[in-house]
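What follows is one chain in structure tokens, specifically the form predicted alone.
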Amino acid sequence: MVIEQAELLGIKQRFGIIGNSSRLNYALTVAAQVAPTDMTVLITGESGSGKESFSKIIHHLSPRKHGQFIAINCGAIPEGTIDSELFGHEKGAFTGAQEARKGYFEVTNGGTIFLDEVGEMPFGTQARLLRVLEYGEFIKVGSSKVQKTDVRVVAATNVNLLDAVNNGKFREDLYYRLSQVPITVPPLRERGNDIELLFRKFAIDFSERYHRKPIQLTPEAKEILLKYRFPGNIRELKNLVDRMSVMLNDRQIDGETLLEFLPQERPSLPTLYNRLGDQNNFSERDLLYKVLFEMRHDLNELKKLVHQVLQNENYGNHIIEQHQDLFNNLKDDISKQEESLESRYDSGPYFLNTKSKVGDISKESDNTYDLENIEDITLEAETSDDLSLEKKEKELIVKALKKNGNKRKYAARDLGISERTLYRKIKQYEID
């Protein structure tokens, strides 16, 4: 069965699907092709990406469209009652079973059941479900009578079921029975300009609901919106537009205003080393290590100075004798600390074992830090008396901007942070 573009457009209009990304179109095409059959479908995708919408498309485009459609969240039903909910129970089957009850598989005979979060289904219930899929039969809780049912099952999950199979939390035979036809719903961040289209749609919908002019984005705000990752997908975007439609009087939204409504990224300090990116960068943790080593060095220098002053005073020797434990290992502490600093920051590439304790150096680690390209930052940090992390952060941002001709995109990449975080920091520190 071949789905033409006109037919695909008709499906989008009928079911309110917004977007033109290739991955979305492919998922819709597969759903339309499998809908006329009775094949079991497994829909995978992140939470909030619209998996239930695909189950409804499959049902309403199938010969079962006049039958009942029921959506069930398997993760929301307690383990002790899910068998009763799905397959029913007889009177007296358990405490509180005052009368017999029909389950969803009996009620929806001739229709479609959508099992959302099927990966959360208890192991025992999985065996019962496999029996329904294989033979179309089930047994009520507390009964010995086998009953028949004709139900089409569409399942969905936001977890990797193969990993659950390998971990012994999901039946392998059920997995292959459910995934007869797999459909993957793409996350919102991978749908490109669909984000802007959905934003407009939600803005118009909420303007009609609240009887206000729809909100609009400036070009700068659009760029920020398209770069945001939306871990909550379409659900998060819809809630964002709803919140701004209600709370903002100015219907023109600029980049700074949009950032106030987007969740704060962590860490708030620039991450100076990206483990998946360029290895010629600091990490924030290593910067903190360096500050701590410098503080330790300053403390030893202070102890040394106090020791010298006390030696030159008449009463000093008495104080030194009373605090021998403080000054006995002074020379050893200073030499070890200087040797540690030298090995960490003045010897070129070094290796830091991320699983070790603070200060533990491992030459066998896979994480390599090359400090040649940031020698000026290191030297400046070592000679500065100001240990303010905010000041260091601002200086690094200014250096990165100057290096890249004030182009935020490349400066953010050098710093190992997102452009959105860099934009916020520039505002925070009032950097021209």
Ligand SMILES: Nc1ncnc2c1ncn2[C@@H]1O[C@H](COP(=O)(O)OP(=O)(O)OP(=O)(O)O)[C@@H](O)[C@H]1O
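Remember, predicted model here, so these are calculated numbers, not experimental data. Superpose the two forms; the largest set of C-alphas matching within 1.5 Å is the rigid core. Residue positions are given as counts along the sequence shown, with the first one as 1.
The form predicted in complex with this ligand exists for this protein as well; it is not shown, and the discussion that follows is about that form.
In the predicted complex, every residue of the candidate spot (Ile18, Glu46 and Asp116) has a heavy atom lying within 4.5 Å of this ligand.
Residue contact check for Ser53: one or more of its heavy atoms lie within 4.5 Å of this ligand in the predicted complex. Under a 4.5 angstroms non-hydrogen atom cutoff, this ligand in the predicted complex lacks Thr218 among its neighbouring residues. For the chain shown alone, Asn158 is a contact residue for this ligand in the predicted complex, at least one non-hydrogen atom being within 4.5 angstroms. When this ligand is considered in the predicted complex, Arg413 lines it closely, a heavy atom lying within 4.5 Å. Contact with this ligand in the predicted complex, judged by any heavy atom within 4.5 Å, is made by just one of Arg101, Lys169, Arg200, Arg235: Arg235. Stretch-level contact analysis of 133-141, 174-182, 227-235, 254-262 against this ligand in the predicted complex, using heavy atoms and a 4.5 Å limit, identifies 227-235.
Relative to the superposed core, Arg14 undergoes a Cα shift smaller than 2 Å between this form and the one not shown. In the core-superposed comparison between this form and the one not shown, the C-alpha atom of Arg413 has shifted by at least 2 angstroms. In comparison with the shown form, the Cα-Cα distance of Asn193 and Tyr410 increases by at least 3 angstroms in the predicted complex. Between Tyr410 and Phe199, the C-alpha separation shrinks by 3 Å or more in the predicted complex, relative to the conformation displayed.
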